[in-house]
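As a starting point, one isolated chain is supplied in structure tokens, in the form predicted alone.
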Amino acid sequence: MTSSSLQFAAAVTIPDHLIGEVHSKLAYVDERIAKAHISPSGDQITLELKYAIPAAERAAIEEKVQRVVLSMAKGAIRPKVQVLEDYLDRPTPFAADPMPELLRRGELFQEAEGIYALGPLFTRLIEWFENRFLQLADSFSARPYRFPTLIPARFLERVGYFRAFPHSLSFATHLRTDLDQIDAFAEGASCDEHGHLKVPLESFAPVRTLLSPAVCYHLYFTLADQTLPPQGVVATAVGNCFRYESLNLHSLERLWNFTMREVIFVGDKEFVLANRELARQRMQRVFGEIGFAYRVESANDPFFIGEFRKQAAFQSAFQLKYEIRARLPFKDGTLAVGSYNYHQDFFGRHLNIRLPDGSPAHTGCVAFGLERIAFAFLAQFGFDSIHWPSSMQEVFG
């Protein structure tokens, strides 16, 4: 089928600080959109459609896009970005996109959209960073946990995840426990040319679980309806996380299935904030030792359209989230490879996690995306370990 394009003026001019956020949400507007582009001036939008469609349907797509633009950009106020560390100008010996070389070497194998198998070099690089993050966890005497990949829907409902991030959810189900349905599936199940499983929806059981979008949520659920010990709780865990990003799934920068290592703090406000800051300072030394080019700056989570302006403004006003943004020399841009987060008493209130005095507990976490940080490292230092930091040459040389 022949593709087509659709171009129109934005209902309101999109401020430059919001162009990236609005662009990312256009991926969820309509399944027939193949690509989207917003002009640098923020006043023109161009959509590449997968195939030609009638004028009425084109108008319906444009109307949905304008809903996104108005919801996110109308009356938007530029947030004040607070920078805690800025080492983006550190010299790095590499400037090419690592993806082609990773694929050529067999270090990556794309199984599906946003899903990759990782080879030995990339795996060892992840392990090197993992060891540094485990040392950070050990410096807090963090208790180790292992959490499941699945998470009950009732838990996510309890903390309002369905309203805040509906676009990124991944659902898990199974065949109904009915012999006729199971036999019919075994005999007739197949995939079409797009890899879609051809099975009637009524063959599946009601959805009770999802693929987990974050590691720290599991810890908070284990502490629900309990009173914390006076010293608070510090924990660490690594796990698979799943956030569907549609057209935004791109190389190792945006994965549907990725791995996160977290160090998690639960206690009173001073306990959480002091430990979050101490973790940042300790990681600053680690990144400095290897000459990593990055910046730590205030940010917001990728809330969905209806919640974006309110929640993003709230996070910005109270400095709840700081991202570690690594430089990607090949695209003159940055990539978030980790974050320092403070949730105030949100989880304490919603999950009834109590301090000894009966008040809601506060929570925070330090989170690192393992595939992303390894990718950013290769983007800065390349594949020849002679150009790598001396502390890493001992392992990889």
Ligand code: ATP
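If you're wondering where the values come from, they're calculated on a predicted model, not measured in any experiment. Note that residue numbering follows the sequence shown and begins at 1.
Beyond what is shown, the protein has a form predicted in complex with ligand ATP; the following relates to that form.
Asks: Based on heavy atom distances of at most 4.5 Å to ligand ATP in the predicted complex, which listed stretch, 132 to 140, 252 to 260, 268 to 276, 172 to 180, is the contact stretch?
Replies: Result of the contact check: 252 to 260.
Asks: Taking the shortest heavy atom distance, is R327 within 4.5 Å of ligand ATP in the predicted complex?
Replies: Looking in the predicted complex, residue contacts with ligand ATP do not include R327, since no heavy atom lies within 4.5 Å.
Asks: Considering only heavy atoms, tell me if A214 and ligand ATP come within 4.5 Å of each other in the predicted complex.
Replies: Looking in the predicted complex, residue contacts with ligand ATP include A214, since a heavy atom lies within 4.5 Å.
Asks: Examine S39 and determine whether its closest non-hydrogen atom to ligand ATP in the predicted complex is within 4.5 angstroms.
Replies: Because no heavy atom of S39 falls inside 4.5 Å of ligand ATP in the predicted complex, the answer is no.
Asks: Give a yes/no on whether G369 approaches ligand ATP to within 4.5 Å in the predicted complex, heavy atoms considered.
Replies: It does: once ligand ATP is placed as it appears in the predicted complex, G369 has a heavy atom within 4.5 Å of it.
Asks: Using heavy atoms only and a 4.5 Å cut-off, determine which of A336, A27, I61, I53 is in contact with ligand ATP in the predicted complex.
Replies: Contact check passes for A336.
Asks: Please state whether every one of the three residues T236, R354 and A361 places a non-hydrogen atom within 4.5 angstroms of ligand ATP in the predicted complex.
Replies: Spot residues vs ligand ATP: no contact at all.
Asks: Hey, which residues along 38 to 57 are within 4.5 angstroms of ligand ATP in the predicted complex, non-hydrogen atoms only?
Replies: Result: empty, none.
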